[in-house]
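Only one chain is given next, in structure tokens, and it is the form predicted on its own.
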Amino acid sequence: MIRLEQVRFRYDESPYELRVPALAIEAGEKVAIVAPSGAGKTTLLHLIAGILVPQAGSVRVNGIELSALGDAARRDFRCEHVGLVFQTFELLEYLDVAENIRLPYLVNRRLRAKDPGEAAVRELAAQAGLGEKLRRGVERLSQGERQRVALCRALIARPALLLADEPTGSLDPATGRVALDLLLELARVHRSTLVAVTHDRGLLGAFDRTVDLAELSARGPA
């Protein structure tokens, strides 16, 4: 599913360079990425998603070399194959819950032709415990409910890959655990590979394995 080889990335004028000699994640795995602050966890997710392109090395997802694609092709690839979950949720306040979940189909021309309609939105929302709130404005939701909407939006197109950047970082511990359990369960039901960045080592036991980015960069192939 995911193969990184001899990857190097540095932001302009930054003294730090992210190095990933080798990383392999198989289809269906649930993998947590940990590292100290500033070590490049979010950058790694952005490289896997094709948001960023490395200065050197190879990033392959589902057999596709992302750095060989142009900006538009990488954007289409993300919309069709990658679900993104952000720490700050990134919901649109002027849309209701159903519209936020369905957003990928509204903004991408390639997905628009595959829009499964309201039935798929209702089914996914019901799985997340949001079935009675589809027409509610997101400003009226709790933090935990907002996170569930973000999870549904990431999964609505049934992506092969789910990338989550500190998905529990904005939640209290109890709500965060509920959100993580839902994330893992929905990834299992929808057969998505999951790669999640987290700073909470108390959550690591829920994943198939953990990758320490700092150790990975230091020791080489993993």
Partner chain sequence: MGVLRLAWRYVAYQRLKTALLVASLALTVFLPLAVRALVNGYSERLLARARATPLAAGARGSRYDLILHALYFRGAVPRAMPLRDVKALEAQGLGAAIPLHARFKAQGFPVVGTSLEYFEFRGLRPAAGRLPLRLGDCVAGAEAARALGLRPDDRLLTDPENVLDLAGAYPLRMRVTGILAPNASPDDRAIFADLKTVWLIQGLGHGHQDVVEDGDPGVILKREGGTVVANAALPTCVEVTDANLASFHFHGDPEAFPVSAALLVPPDEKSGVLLRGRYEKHETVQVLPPEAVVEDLLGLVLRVKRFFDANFALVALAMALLLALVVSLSLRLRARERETLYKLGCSRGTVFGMLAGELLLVAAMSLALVALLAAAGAAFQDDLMRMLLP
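From a predicted model like this one, the values you see are computed outputs, not experimental measurements. Numbering follows the first chain given and starts at 1.
Form predicted in complex with the partner chain: not shown, discussed below.
Chemist: Taking R78, V107 and R112 together, does each of them reach the partner chain in the model of the complex with some heavy atom inside 4.5 Å?
Modeler: Yes, the whole candidate spot contacts the partner chain.
Chemist: Any chance E132 has a heavy atom within 4.5 Å of the partner chain in the model of the complex?
Modeler: E132: no contact with the partner chain in the model of the complex.
Chemist: Give a yes or no for K41: in the model of the complex, does one of its heavy atoms lie within 4.5 Å of a heavy atom belonging to the partner chain?
Modeler: K41 lies outside the contact set for the partner chain.
Chemist: Looking at the partner-bound form in the model of the complex, is Q143 within 4.5 Å of the partner chain by any heavy atom?
Modeler: Result no; Q143 lies far from the partner chain in the model of the complex.
Chemist: Taking the partner chain as it sits in the model of the complex, is A126 in contact with it (heavy atom to heavy atom, 4.5 Å or less)?
Modeler: No - in the model of the complex, heavy atoms of A126 and the partner chain never come within 4.5 Å of each other.
Chemist: Ok, I51, V34, L180, L171: which has a heavy atom sitting within 4.5 Å of the partner chain in the model of the complex?
Modeler: Only one option qualifies, and that one is I51.
Chemist: With the partner chain left out of view, which of K30, R60, H46, H190 would have a heavy atom within 4.5 Å of it in the model of the complex?
Modeler: Of the candidates K30, R60, H46, H190, H46 is the one lying within 4.5 Å of the partner chain in the model of the complex.
Chemist: Heavy atoms within 4.5 Å of the partner chain in the model of the complex is the criterion; list the residues of 68-102 that meet it.
Modeler: Residues within 4.5 Å: D71, R75, R78, C79, L84, F86, T88, E90, L92, E93, Y94, L95, D96, E99.
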